[in-house]
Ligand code: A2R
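This document starts with one chain, in the form predicted alone, laid out as structure tokens.
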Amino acid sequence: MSDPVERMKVLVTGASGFVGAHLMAELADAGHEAVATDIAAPGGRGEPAFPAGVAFRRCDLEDASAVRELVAGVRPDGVVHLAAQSSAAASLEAPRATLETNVFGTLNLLEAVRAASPACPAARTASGKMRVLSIGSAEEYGARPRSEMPLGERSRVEPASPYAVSKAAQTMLAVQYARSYSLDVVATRSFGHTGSGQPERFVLPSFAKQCAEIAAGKRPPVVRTGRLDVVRDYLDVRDVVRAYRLLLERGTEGEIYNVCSGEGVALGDALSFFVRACGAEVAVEEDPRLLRPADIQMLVGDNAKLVRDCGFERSIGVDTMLGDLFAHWERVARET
């Protein structure tokens, strides 16, 4: 699917979330028509915070009949499946709900696409079929030794949390539907990403928010953290959604792609960046509540396949990514 595609109608699940808002803008800028769906609209006031012209359809993906009705009604050329319970820590507290949302929600979507495909006109993709981009997670790989980094798509999958198990099952379902039912499905294993709008329950926004509030005099000069020796591969969310758009347009049917930078960032180094940015003397305290029983010490991916097939290039470096994230939380601290 390397040739340019015509303007596509793209259904985005989980569109009210952090990545969804950025993806709406990316699709609009690329000339595609987006239709957003989620359990609830973003913003908390019932109005979708999407670019002008983006339609919003409320739908619970755990309701199989509602999902079938949605896909049949929208008749998209492509679907980007972002909807998920996305926290490994939360999955340890609610494993059943995580599996129901991530696995059965995906199953309902794939079944809806399978049911709608014969009735839909030829999609405006190279395959002539409705493309599904299934968004998985690098957590599927589990704990791997440093000697295996960077991880390629053929690396072993050994999930270490209910969340990781659910995403591994989602990816396996996506690939199986491509093989068994000839659906045009592409899957990702997405590594860490951050940016404006990411909830503070995630580690980098938590660090940035705490340091911004210290700088604004709204918090004592103490940052509470989990493990700081953890190393993760981070992309700015603006690069991530560009990768998703490229995979929608050019990715190879039935394949899995790492979405990553190929470089590791130690959380301790990221925290040091934010501490320097806040310009204050800061104490760092480990909070036992932020420690996970099965934390993965290092996850760094190989993005060669994404680069080769889709022409992806990282455009936002680590310092810019962290600086923009801190600036976002500085604005929030001033306004609250």
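What you are looking at is a predicted structure, and each value in this text was computed from that prediction instead of being measured. Numbering starts at 1 and runs along the sequence shown.
Same protein, other form: the form predicted together with the ligand, not shown, and the subject of what follows.
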Q: Answer with one of 179, 218, 201, 156: the residue that has a non-hydrogen atom within 4.5 Å of the ligand in the model of the complex.
A: 201
Q: Check each of 35, 70, 61, 278 and return the one that places a heavy atom within 4.5 angstroms of the ligand in the model of the complex.
A: 61
Q. In the model of the complex, do 17, 167 and 193 all put a heavy atom within 4.5 Å of the ligand?
A. yes
Q) Using heavy atoms and a 4.5 Å limit, would one call residue 171 a contact residue for the ligand in the model of the complex? A) no
Q: Find out whether any non-hydrogen atom of residue 234 is located within 4.5 angstroms of the ligand in the model of the complex, and reply yes or no.
A: no
Q.
Whether residue 141 contacts the ligand in the model of the complex should be assessed with a 4.5 Å heavy atom distance threshold; does it?
A. no
Q. Could you tell me if residue 82 has a non-hydrogen atom within 4.5 Å of the ligand in the model of the complex?
A. yes
Q: Please name which of the stretches 83-91, 109-117, 179-187, 226-234 has residues with heavy atoms lying within 4.5 Å of the ligand in the model of the complex.
A: 83-91
